[in-house]
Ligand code: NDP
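Read the single chain below, which is given as structure tokens and is the form predicted alone.
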């Protein structure tokens, strides 16, 4: 596996706590960072042992790097990703890829035209837990899939209660932050999302930003030759004492993944059929972000594919945008 040289676009919490280590663990090298604040860029580079720090994106794109990781606020992703692609850099972009489906489609097509890798940093599809669920479903372990349910209600850490809930920041709110993660898991499992109905509310006393911090959705999925599937999600920044969970129900059984939607892979897969409940063994020793960075590196080398491609990120975004529209209008929104 070759050593990719990376530039970081955004001196973010996720870069600091997860992605820098994952890049290094996957054999990559992080050269430097760009941030809107010179002081923040300098401090970030010093803390993480990076050679360069700048406030100028063009300067970063002029460095001797192969790829960029974008973890700026959601409203900046589209412009920054397109500029990086046009500079000949592979792009790993935080979710959501963009704020509109048209923008995300433009990013995907641009990467395809330039022969570069564009991936969305959806960490969950690469989880061994979710890979095992897809394997069980494909093998017919629960018969024909009928429905699924995601519980992704967590308590947003205080250090992250900034732009994610501020109405002044485009792309904030629980749906674009969490529901799109749910879609990244459900889409490859259930087929084509065609319609979304959602309700969103503001619950937390500490949420003074004005954006929804809890939402529930129902998504209709369709596949050729199979009955439609309904998926339900509960996404929240306000719940501090619940485990996340994924359930998939079929004609012949149910798969339940306890602690399924976290950043760490310590969950448990239970398969229930007419013969009883069975604990399905899954090796959860690998870090999800390392899994993702290894897959990204393999894609750059032409020997693999990202755990979530640009097109995967696009479809996950479409589900989240449909949920936002439905929550605002009170109507079911159809995805073409």
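Here the structure is a predicted model, which is why all the values come from computation and not from measurement. Numbering follows the first chain given and starts at 1.
As for the form predicted together with this ligand, it is not shown, yet the points below apply to it.
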Contact residue in the model of the complex, from 202, 187, 71, 244 (heavy atom within 4.5 Å of this ligand):
71
Considering 77, 130, 90, 152, which brings a non-hydrogen atom within 4.5 Å of this ligand in the model of the complex?
77
Joint contact, 134, 291 and 296 to this ligand in the model of the complex, by non-hydrogen atom at 4.5 Å:
no
Does residue 30 make contact with this ligand in the model of the complex, using a 4.5 Å heavy atom cut-off?
no
Applying a 4.5 Å heavy atom distance criterion, does residue 206 contact this ligand in the model of the complex?
no
Answer for residue 192 alone: is it within 4.5 Å of this ligand in the model of the complex, judged on heavy atom distances?
no
Residue contact check: residue 110 to this ligand in the model of the complex, 4.5 Å heavy atom:
no
With this ligand left out here, work out from 207-215, 94-102, 250-258, 138-146 which stretch has heavy atoms within 4.5 Å of it in the model of the complex.
94-102
In the model of the complex, residues of 175-201 near this ligand [heavy atom within 4.5 Å]
177, 181
